[in-house]
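In the form predicted alone, a lone chain appears below as structure tokens.
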């Protein structure tokens, strides 16, 4: 069950990243992490925001590594 939960949450994260979203903020509490993703559409000047509730510890490690990569890429 836990491994399947990890796979499901990882797929949700990967799907949003592939669609052009980036991680905007992370809020953590006792029930897990709430990761807010944002995608800007420069043509229509709109922003779409999606929030994922990540509860699996391995999935939280996974998005953390992607977040570090995103921050490094942003500061290059």
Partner chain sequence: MADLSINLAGIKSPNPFWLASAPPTNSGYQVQRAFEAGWGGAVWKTLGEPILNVSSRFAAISFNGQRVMGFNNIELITDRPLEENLKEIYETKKRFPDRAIVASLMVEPKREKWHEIVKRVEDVGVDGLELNFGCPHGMAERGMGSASGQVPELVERQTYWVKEVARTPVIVKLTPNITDITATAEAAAQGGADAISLINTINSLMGVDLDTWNTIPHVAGKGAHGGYCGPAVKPIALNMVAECARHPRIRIPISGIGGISNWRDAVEFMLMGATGVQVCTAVMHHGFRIIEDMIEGLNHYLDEKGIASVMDIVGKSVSKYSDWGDLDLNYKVVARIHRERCIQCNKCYISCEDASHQCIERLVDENGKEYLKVREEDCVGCNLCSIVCPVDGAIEMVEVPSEHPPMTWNERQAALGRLSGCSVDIKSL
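These numbers were taken from a predicted model, which means no experiment stands behind them. Residue numbers count along the first chain shown, from 1.
Quick note: we don't show the form predicted in complex with the partner chain, though the next part is all about it.
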Do residue 26 and the partner chain share at least one heavy atom pair within 4.5 Å in the predicted bound form? yes
Spell out, yes or no, whether the shortest heavy atom distance between residue 21 and the partner chain in the predicted bound form is within 4.5 Å. no
How about residue 8: is it within 4.5 Å of the partner chain in the predicted bound form, going by heavy atoms? no
Does any heavy atom of residue 65 come within 4.5 Å of a heavy atom of the partner chain in the predicted bound form? yes
Every residue in 2, 33 and 71 with a non-hydrogen atom within 4.5 Å of the partner chain in the predicted bound form? yes
